[in-house]
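In structure tokens, one chain follows: the form predicted on its own.
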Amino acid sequence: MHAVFLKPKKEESVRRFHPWVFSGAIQKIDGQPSEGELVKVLDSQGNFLGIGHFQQGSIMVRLLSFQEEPIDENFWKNRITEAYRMRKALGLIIENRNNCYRLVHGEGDGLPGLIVDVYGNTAVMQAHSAGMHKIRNILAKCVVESVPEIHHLYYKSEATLPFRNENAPADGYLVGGFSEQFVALENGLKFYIDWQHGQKTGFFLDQRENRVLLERYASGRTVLNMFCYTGGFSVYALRGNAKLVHSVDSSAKAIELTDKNVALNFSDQRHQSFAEDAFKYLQRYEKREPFYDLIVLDPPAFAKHRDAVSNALKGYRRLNRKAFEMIRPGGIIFTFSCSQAITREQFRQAVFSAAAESKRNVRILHQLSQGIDHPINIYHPEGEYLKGLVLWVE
């Protein structure tokens, strides 16, 4: 096994169990490890620090263990089994109530570079590193053996792998096969899931608890759900007895799926959808009297890397300012950032600036994060990617 030696004093973060080794911390590499190969990480004196997957790029090693132990099929199965045990203990898997959840959340479950979401008897697996991609068949076997209800596993990594490989297989089933459109249950509500063509693995499971919170505030309110995707917040608002719900997304396919999900749960006429750019939609309402009592702002990541942070913060400020200007007095705004490169404090500052520019009196009711099946490794604060605020606007 090849060895990666760190520069003097660069081992401190690894000794604090941070799972990433950056290229700038490396002094030398023993040999020429291939993409995705297991390597040992040593300090400048040759002392063992950990073992992980090697990959060219800013993050050169994703550490899997800080002990000298075999990284074999038993290792993978033990980690996946423990992840499943935690979800069971947290009460996430409830027959006839909730059959969709995140089984593996990368660093949060000690498996950096791996995502596994479960929808009924099907798991959808994504590799975000060459190392996880190389062992995808072993991982698929371990997932099926560790989780009794899973009989199918769909591999969806064409858009998530950080490299292009002509020999890499296309997305498809590694275990079983399933062609019918699947209906997931989340807290008793039904949603069509399209893991083959939809964004991510087909559904944004990380907002589960936040959708429940929105349902509590929806009664009697007119609701605007911006960047609605599959209409998760819209469906919860309708069950919460919202007076009216408008769903907006630039994707016509997303709007079609939102309408189908609403119809799957309700037969009333309280919902209307719009396939339109979010900023154009908000601009159309600029000069009208405030209409909405509750607005949800859940945009895609404005900053996917640190170079885009400045422009992203301007985007968050502009978006939130428009929402402040068009919401009724006594209204509530749920506003989010899913950009990992944006810190919680930066996002809050952008929202603060938007509030000041709108000259509205604003109070924070809740500070939100991702769901409990998206755990954050305490040694890896970068895992806290979803930031949210619930605001009362006078």
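All of these numbers come straight from a predicted model, not from anything done at the bench. Quick note: we count residues from 1 along the sequence shown, nothing fancier.
Omitted here: the form predicted together with ligand SAH. The next part is about that form.
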| item | value |
| --- | --- |
| Stretch in contact in the predicted complex with ligand SAH, which is absent here, among 108 to 116, 93 to 101, 248 to 256, 122 to 130 (heavy atoms within 4.5 Å) | 248 to 256 |
| Heavy atom within 4.5 Å of ligand SAH in the predicted complex - residue from E145, E73, E276, E209 | E276 |
| Heavy atom within 4.5 Å of ligand SAH in the predicted complex - residue from Y316, F233, Y154, F324 | F233 |
| Any non-hydrogen atom of Q199 within 4.5 angstroms of ligand SAH in the predicted complex | yes |
| Non-hydrogen atom contact D293 with ligand SAH in the predicted complex at 4.5 angstroms | no |
| 4.5 Å heavy atom contact, L139 and ligand SAH in the predicted complex | no |
| G177 within 4.5 Å of ligand SAH in the predicted complex, heavy atoms | no |
| Members of 217 to 247 lying within 4.5 angstroms of ligand SAH, judged by heavy atom, in the predicted complex | F227, C228, Y229, T230, F233 |
